[in-house]
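Single chain ahead, by itself, as structure tokens, in the form predicted alone.
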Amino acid sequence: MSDVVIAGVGMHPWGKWGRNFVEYGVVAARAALEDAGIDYRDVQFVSGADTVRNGYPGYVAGATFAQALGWTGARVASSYAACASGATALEVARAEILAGRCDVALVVGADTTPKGFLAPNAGERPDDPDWLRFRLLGATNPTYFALYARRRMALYGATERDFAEVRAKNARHGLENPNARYRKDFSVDDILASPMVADPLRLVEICATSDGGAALVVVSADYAKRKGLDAPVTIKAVSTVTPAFPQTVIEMPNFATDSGVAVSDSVTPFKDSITAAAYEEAGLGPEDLSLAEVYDLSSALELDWYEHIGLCKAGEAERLLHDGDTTIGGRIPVNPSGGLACFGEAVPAQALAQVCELTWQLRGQAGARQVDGARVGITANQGLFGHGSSVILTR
């Protein structure tokens, strides 16, 4: 299978801007086109990552962004996969290129979020698990994040200080990222002194809801050669897997697991399977990685991802953290961008933002947060209702 090349990346800074999400997507798209040196009129396919909170234009993001940039007759598609929407939109664009249907595709995701935590759309929907978990349990996202943290404490002896050290690491990384919403240094003691939100997680350990946008220009390998792209960043794998039965570890928005009583225990857990599929497609493994961007909805969840992406065995993530392996300058930096801790959630854009960061790192364009000698990077992300998301890039 031929490689697909990332020719350009662009972002609109994360924040709480309160404007139409389309504005953020257009800024990001134009930045990606400029980075690629490609005229928008040469784009043959526009793949939009949807945002369901922003009315009908959010549900048809591909056409919405294509119209805002200017109708050209390009083909479009729109993808919704909750927090994995950006990776799904990228996979659609990659498939178009690999099928030989186009040479140049633009992938865009952007969001404008409400104040406070994310919640289901309005209306009575008693058959909707996402609605039910709020109505029956009052289980907001931070509640789930705290349950995962408690699980880690019970299984592996993690402490509140461990979680605070993750947040402090990402704060240091985010200081150097001009697109990050929060660029403030926090000591571990500062974090432990912040208000408790969902025990054991404190205010600055839970990601905010944010506005922002991200975009990619992806092209065929032949087109990249014709354009003279030197040592381009290539997409080696995109994983969009679903769970396998039984799911014996709870996932949002469910409030019960599958029973494993009469089923083999050989099933790979969902979060492990996401990057396992990416490694298999790429013909690479955790030992080949230079860096990773993972989905730190909370500081505690980042520790879980160290294990899910194969950096260490279960229960060993705290050791990696304390040894400095996952900070910039360490063996395998994780979230050199600052992660969601410094960005917050702009749902359709965040999987694309992870790919932007890897691209800058692999090109050596990450400035003061640059990972030395970066050659291979992986993203890890997931969306509600069983949407896996992982992308592997190489240079």
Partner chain sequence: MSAILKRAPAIEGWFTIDDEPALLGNRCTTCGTVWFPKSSFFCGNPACDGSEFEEARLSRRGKVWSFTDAQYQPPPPYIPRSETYEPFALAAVELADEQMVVLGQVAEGVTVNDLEVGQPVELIVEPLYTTDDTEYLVYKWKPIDGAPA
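Quantities reported herein were computed from a predicted structural model and do not represent experimental measurements. Numbering follows the first chain given and starts at 1.
Just so it is clear, the following notes concern the form predicted in complex with its partner chain, a form of the same protein that is not shown.
Highlighted residues Ala119, Ala198 and Phe245: every one comes within 4.5 Å of its partner chain in the predicted complex, counting any heavy atom. Within 4.5 Å of some heavy atom of its partner chain in the predicted complex lies at least one heavy atom of Leu136. Proximity of Asn179 to its partner chain in the predicted complex falls outside the 4.5 Å heavy atom cutoff. Ser259 belongs to the set of residues with a heavy atom inside 4.5 Å of its partner chain in the predicted complex.
Looking at Tyr148, you'd find a heavy atom of it within 4.5 angstroms of its partner chain in the predicted complex. Picking from 137 to 145, 280 to 288, 102 to 110, 80 to 88 the stretch near its partner chain in the predicted complex, with a 4.5 Å limit on heavy atoms, gives 137 to 145. Leu132 is the sole member of Ala193, Leu132, Ala221, Leu98 with a non-hydrogen atom lying within 4.5 angstroms of its partner chain in the predicted complex. Contact with its partner chain in the predicted complex, defined as a heavy atom within 4.5 Å, holds for exactly one of Thr209, Thr234, Ser273, Asn254, namely Asn254.
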